[in-house]
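Before any questions on how it binds or moves, here is one chain, the form predicted alone, in C-alpha coordinates.
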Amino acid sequence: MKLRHLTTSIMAIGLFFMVACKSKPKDSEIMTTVSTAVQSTPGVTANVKEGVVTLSGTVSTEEEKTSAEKAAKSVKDVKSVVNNITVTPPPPPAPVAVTADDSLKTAVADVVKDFPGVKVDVKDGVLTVTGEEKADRWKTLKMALDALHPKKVDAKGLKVK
(Lines give C-alpha, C1' and ligand atoms only; values in the text may rest on other atoms or scores of the structure.)
Protein backbone atom coordinates (compact mmCIF):
# COMPACT_ATOMS: atom_id res chain seq x y z
CA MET A 1 0.00 0.00 0.00
CA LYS A 2 2.87 2.34 0.88
CA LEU A 3 4.54 1.43 -2.37
CA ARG A 4 1.40 2.38 -4.23
CA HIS A 5 1.30 5.83 -2.55
CA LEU A 6 4.98 6.33 -3.20
CA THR A 7 4.60 5.47 -6.86
CA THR A 8 1.59 7.77 -7.21
CA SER A 9 3.45 10.60 -5.47
CA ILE A 10 6.50 10.21 -7.70
CA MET A 11 4.32 10.23 -10.83
CA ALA A 12 2.49 13.33 -9.60
CA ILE A 13 5.76 15.13 -8.91
CA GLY A 14 7.10 14.08 -12.31
CA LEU A 15 3.97 15.32 -14.03
CA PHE A 16 4.21 18.59 -12.11
CA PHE A 17 7.79 19.12 -13.29
CA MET A 18 6.85 18.29 -16.87
CA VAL A 19 4.08 20.88 -16.85
CA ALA A 20 6.21 23.43 -15.01
CA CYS A 21 9.15 22.93 -17.34
CA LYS A 22 7.05 23.40 -20.44
CA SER A 23 8.91 26.05 -22.37
CA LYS A 24 7.28 29.40 -22.84
CA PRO A 25 7.03 30.64 -26.40
CA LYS A 26 10.12 32.54 -27.41
CA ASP A 27 9.81 36.18 -28.40
CA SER A 28 11.66 35.41 -31.63
CA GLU A 29 8.99 32.89 -32.60
CA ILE A 30 6.21 35.35 -31.81
CA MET A 31 8.11 38.04 -33.70
CA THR A 32 8.29 35.89 -36.84
CA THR A 33 4.56 35.14 -36.72
CA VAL A 34 3.57 38.76 -35.99
CA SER A 35 5.81 40.06 -38.79
CA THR A 36 4.09 37.71 -41.20
CA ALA A 37 0.67 38.78 -39.92
CA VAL A 38 1.30 42.52 -40.38
CA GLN A 39 3.27 42.34 -43.63
CA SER A 40 0.10 43.19 -45.58
CA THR A 41 0.32 46.68 -44.06
CA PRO A 42 3.35 48.43 -45.59
CA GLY A 43 5.32 50.73 -43.32
CA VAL A 44 4.54 48.82 -40.11
CA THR A 45 7.20 47.13 -37.98
CA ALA A 46 6.82 45.04 -34.84
CA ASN A 47 8.96 44.35 -31.80
CA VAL A 48 8.24 41.68 -29.16
CA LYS A 49 9.37 41.62 -25.55
CA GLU A 50 8.02 39.06 -23.09
CA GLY A 51 5.01 38.42 -25.33
CA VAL A 52 4.08 42.12 -25.63
CA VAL A 53 4.02 43.33 -29.24
CA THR A 54 4.85 46.96 -30.00
CA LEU A 55 3.78 48.16 -33.44
CA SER A 56 5.35 51.23 -35.00
CA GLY A 57 5.53 52.93 -38.36
CA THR A 58 3.37 55.16 -40.53
CA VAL A 59 0.23 54.34 -42.49
CA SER A 60 -2.10 56.46 -44.60
CA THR A 61 -5.45 55.51 -43.02
CA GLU A 62 -6.94 54.71 -39.63
CA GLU A 63 -8.24 51.45 -41.12
CA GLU A 64 -4.70 50.28 -41.87
CA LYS A 65 -3.65 51.08 -38.31
CA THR A 66 -6.57 49.10 -36.87
CA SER A 67 -6.00 46.22 -39.28
CA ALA A 68 -2.35 45.85 -38.23
CA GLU A 69 -3.32 45.85 -34.57
CA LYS A 70 -5.99 43.17 -35.11
CA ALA A 71 -3.51 41.04 -37.06
CA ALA A 72 -0.97 41.24 -34.24
CA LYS A 73 -3.57 40.43 -31.56
CA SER A 74 -4.66 37.35 -33.48
CA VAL A 75 -1.22 35.72 -33.14
CA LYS A 76 -1.03 32.91 -30.58
CA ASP A 77 0.87 33.68 -27.34
CA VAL A 78 0.68 37.47 -27.76
CA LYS A 79 -0.15 38.92 -24.33
CA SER A 80 -0.95 42.46 -25.49
CA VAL A 81 -0.33 44.93 -28.31
CA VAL A 82 0.97 48.49 -27.99
CA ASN A 83 -0.02 50.37 -31.14
CA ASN A 84 2.37 53.27 -31.80
CA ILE A 85 1.51 53.49 -35.51
CA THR A 86 0.92 57.04 -36.75
CA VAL A 87 -1.56 57.95 -39.46
CA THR A 88 -0.27 60.44 -42.02
CA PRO A 89 -2.73 63.29 -42.50
CA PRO A 90 -4.02 63.74 -46.03
CA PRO A 91 -2.34 66.44 -48.11
CA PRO A 92 -4.09 69.81 -48.13
CA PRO A 93 -6.38 70.43 -51.08
CA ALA A 94 -4.87 72.21 -54.05
CA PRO A 95 -5.50 75.95 -53.96
CA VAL A 96 -8.19 77.20 -56.29
CA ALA A 97 -6.90 79.85 -58.64
CA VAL A 98 -9.16 82.89 -58.58
CA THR A 99 -8.55 85.45 -61.29
CA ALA A 100 -9.54 89.09 -61.28
CA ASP A 101 -11.93 88.25 -64.11
CA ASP A 102 -13.88 85.84 -61.86
CA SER A 103 -15.13 88.56 -59.54
CA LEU A 104 -15.70 90.91 -62.49
CA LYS A 105 -17.73 88.21 -64.31
CA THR A 106 -19.92 87.75 -61.25
CA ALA A 107 -20.54 91.50 -60.95
CA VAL A 108 -21.25 91.82 -64.70
CA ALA A 109 -23.75 88.96 -64.52
CA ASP A 110 -25.63 90.83 -61.77
CA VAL A 111 -25.77 94.01 -63.88
CA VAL A 112 -26.67 92.36 -67.20
CA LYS A 113 -29.52 90.24 -65.82
CA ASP A 114 -31.83 93.27 -66.23
CA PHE A 115 -30.85 93.67 -69.92
CA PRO A 116 -32.03 90.51 -71.74
CA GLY A 117 -30.96 91.64 -75.24
CA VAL A 118 -27.35 92.26 -74.18
CA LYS A 119 -24.45 89.88 -73.69
CA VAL A 120 -21.18 90.90 -72.02
CA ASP A 121 -17.97 88.87 -72.23
CA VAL A 122 -15.10 89.47 -69.79
CA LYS A 123 -11.49 88.85 -70.76
CA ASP A 124 -8.41 90.33 -69.10
CA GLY A 125 -10.52 93.03 -67.46
CA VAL A 126 -12.04 94.20 -70.77
CA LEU A 127 -15.83 94.05 -71.16
CA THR A 128 -17.08 93.28 -74.69
CA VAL A 129 -20.75 94.20 -75.12
CA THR A 130 -22.86 92.63 -77.90
CA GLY A 131 -26.58 92.55 -78.69
CA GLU A 132 -29.27 95.23 -79.08
CA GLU A 133 -30.53 97.86 -76.67
CA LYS A 134 -32.38 101.17 -76.66
CA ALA A 135 -30.28 104.29 -76.27
CA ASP A 136 -31.61 105.28 -72.84
CA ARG A 137 -31.17 101.74 -71.48
CA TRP A 138 -27.65 101.62 -72.98
CA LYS A 139 -26.70 104.71 -70.96
CA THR A 140 -27.95 103.02 -67.77
CA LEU A 141 -26.07 99.84 -68.62
CA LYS A 142 -22.89 101.76 -69.51
CA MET A 143 -22.92 103.60 -66.17
CA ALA A 144 -23.45 100.34 -64.27
CA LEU A 145 -20.61 98.62 -66.16
CA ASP A 146 -18.26 101.60 -65.66
CA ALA A 147 -18.99 101.45 -61.93
CA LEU A 148 -17.36 98.00 -61.90
CA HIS A 149 -14.04 99.63 -62.89
CA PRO A 150 -13.05 97.42 -65.83
CA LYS A 151 -9.99 98.26 -67.94
CA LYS A 152 -12.25 99.08 -70.87
CA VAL A 153 -15.87 98.71 -72.04
CA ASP A 154 -15.93 97.75 -75.72
CA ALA A 155 -19.44 98.28 -77.19
CA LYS A 156 -18.57 97.95 -80.89
CA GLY A 157 -20.77 94.86 -81.16
CA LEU A 158 -23.79 96.56 -79.58
CA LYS A 159 -26.62 97.89 -81.80
CA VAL A 160 -28.21 100.92 -80.21
CA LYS A 161 -31.82 101.57 -81.31
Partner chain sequence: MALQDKYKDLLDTATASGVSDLQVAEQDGVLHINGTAPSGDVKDKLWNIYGQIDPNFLSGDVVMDIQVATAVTGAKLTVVTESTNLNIRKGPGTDQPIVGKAAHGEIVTLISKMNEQWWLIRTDDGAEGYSYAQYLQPA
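Everything numeric here is computed off the predicted structure, so don't read it as measured data. Residue numbers count along the first chain shown, from 1.
As for the form predicted together with the partner chain, it is not shown, yet the points below apply to it.
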query: Contact test, all of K49, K65 and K76, partner the partner chain in the predicted complex, heavy atom 4.5 Å; finding: no
query: Contact of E132 with the partner chain in the predicted complex (heavy atom, 4.5 Å); finding: no
query: Contact of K113 with the partner chain in the predicted complex (heavy atom, 4.5 Å); finding: yes
query: Exercise: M31 in contact with the partner chain in the predicted complex, heavy atom 4.5 Å; finding: no
query: The partner chain in the predicted complex - contacting residues of 126-145, heavy atom within 4.5 Å; finding: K134, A135, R137, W138, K139, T140, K142, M143, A144
